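Below sits a lone chain in structure tokens, taken as the form predicted on its own.
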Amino acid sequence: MLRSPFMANSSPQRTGHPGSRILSVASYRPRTEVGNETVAALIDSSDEWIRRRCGIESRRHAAPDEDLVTMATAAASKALAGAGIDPRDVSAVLVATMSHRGRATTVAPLVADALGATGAAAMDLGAACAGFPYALATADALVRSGAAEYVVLVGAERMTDVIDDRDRGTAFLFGDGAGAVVVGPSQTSEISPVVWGADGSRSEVLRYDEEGILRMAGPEVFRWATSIIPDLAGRALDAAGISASDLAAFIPHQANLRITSVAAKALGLGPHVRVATDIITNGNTGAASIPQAMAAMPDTTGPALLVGFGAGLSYAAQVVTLP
């Protein structure tokens, strides 16, 4: 009988956990707040037009010293402090981003180093604005399998690096920032099974051009998002074994306030369900938008439905228990 080389490994066998949970959530918002008037002047528009189109009143733009690593590390440090976890006990650092343009190939190893999580695995996850729920599903699997004990997950974007500030289709929508959570073991499953998918046949409606600038066919993206979210959300609720009436919060990717409103109405959410509207004063921050919106609800606890969607076209949803 052949003996597997892995049987000779003297390292202890990994033991998984019954479930995982979000221990804490934190956000980093750049210092500079930019109102609609500033953006409108560059795209021959107005404050009223922008508010009517997407609901945004202002957004944050990162300064030169607020790069992706700095913002991601700041959010992650706050999340670790909130969870009471020493960085040396972190098993993995995941960074969801679509706007990295640095010299290093990935952001996560730099964030892990800055945190002092020197023994942690580190990787970026690129699923655009669906990146956070994709990475959260990965963190959940790592903890439940025993491959990781504590995972730091960051959504971080400098969208101002990848948009044309004179493009009427994108300039008014996007902002910069980071949001982070710490995921750890739990005796119950407080991160429900993910429901996800992709439609690469329609990737041209939201893509980078030859110069690395994000281009978007807004009306097509709006129609796509509002058509998939109700079914996606319903399947995520089914996977969690709950109904919309059981929710405490609905936290979709902050792409457009109109998309959020259409989705909330389609789900028939009651007045007791708090709907995230962080986009009003934060803009669309890509993979950072869901954790930032979570951090903006510090007094809300219980089950929350997270829904991410964006370039790819990729989408994902799951129910989590807010810490």
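Numbering starts at 1 and follows the sequence shown. Computed from a prediction, not measured in an experiment: that's the story for all the values here.
Beyond what is shown, the protein has a form predicted together with a small molecule; the following relates to that form.
- Contact check for Ser27: every heavy atom lies farther than 4.5 Å from the small molecule in the predicted bound form.
- Put simply, Cys129 is close to the small molecule in the predicted bound form: some heavy atom of it is within 4.5 Å.
- Of the heavy atoms in Val143, none are within 4.5 Å of the small molecule in the predicted bound form.
- Thr38 falls outside the set of residues with a heavy atom inside 4.5 Å of the small molecule in the predicted bound form.
- Exactly one listed residue, out of Ala249, Ala233, Ala122, Val221, brings a non-hydrogen atom to within 4.5 Å of the small molecule in the predicted bound form: Val221.
- A heavy atom within 4.5 Å of the small molecule in the predicted bound form is found for one listed residue only; from Arg207, Arg202, Lys78, Arg168, this is Arg168.
- Note on the interface: of 258 to 266, 30 to 38, 290 to 298, 58 to 66, the segment with non-hydrogen atoms within 4.5 angstroms of the small molecule in the predicted bound form is 258 to 266.
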